[in-house]
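The chain below stands alone and is given in structure tokens; this is the form predicted alone.
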């Protein structure tokens, strides 16, 4: 039985379509990250699952139970908001216990759960404090504790780390994922941060313009994007996308004389190469592109070399510190087994024979 099953969810607002025929099955204990640009429908999707929005069409099942028209309180979900939504006048302990008190959980059971949850999240010494006396990371732990203290099997998280600094976000990513694994809960986590998605998820759901573009593991998503949108969205820098055409010596990058050593059956396709799959080329017998350097971004372990190839922008991630000057010419080779090809009309990935 699926933990969450979404069947053809459609949600319309007066000026736009927020979710368009969303179909998704999530297994018990999976950590699923919904990723996409602003306005793609990911937060609306989370709100539909939570019951804060009502679907115009489709069904929502939680553990086999149809909850499509149930109010949020009857869906047995935990929710962690972007704003934390803590009661400023209540102590940490009272914030954690608030939901249990509303549900009239006996006092002894409330205390047992408070002790267990505060120990799990390292809040034991903070129970008497008010939210204003806590750091951002501590407030986030309280919000997380309030979601799990009720023993919910499904937790929804809406960009919960966006208010934290970079170092604390990294720490909290590890803590949240470890906690989810330890408790065996199902998590649906909404973010626009690719680092969060790729480092935390068992499964990533990429949304674009109200629809699901691809559902895959982080590795499959990065290595085998199934559409031009996913290829151009995932990665920093994202995949280089170069249109192809037939030239005098086979396929070449459109508008240039740069051959790509691919069969002509892929004429008019779009070639995708990740920046890290380029290398400085010394062997003229291997495929190579001659590019002109625009700038170099030194990043410690590697350097991002921004170039142009005719009218096309291109980025190469090269190891260590490289120091070409703007206007220099470089020969870049690439791993022919790591390329992707796409149909520019449909945007779909073209599978190649091995």
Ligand code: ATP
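Keep in mind that what you see is a predicted model, and the values were worked out from it rather than measured. Numbering follows the first chain given and starts at 1.
Form predicted together with adenosine-5'-triphosphate (ATP): not shown, discussed below.
In summary, among the residues 345, 23, 16, 337, the only one with a non-hydrogen atom within 4.5 Å of adenosine-5'-triphosphate (ATP) in the predicted complex is 16. When adenosine-5'-triphosphate (ATP) is considered in the predicted complex, only one residue from 175, 276, 202, 159 comes within 4.5 Å through any heavy atom, namely 159. Note that among 30-38, 304-312, 54-62, 288-296, the stretch whose heavy atoms approach adenosine-5'-triphosphate (ATP) to within 4.5 Å in the predicted complex is 30-38.
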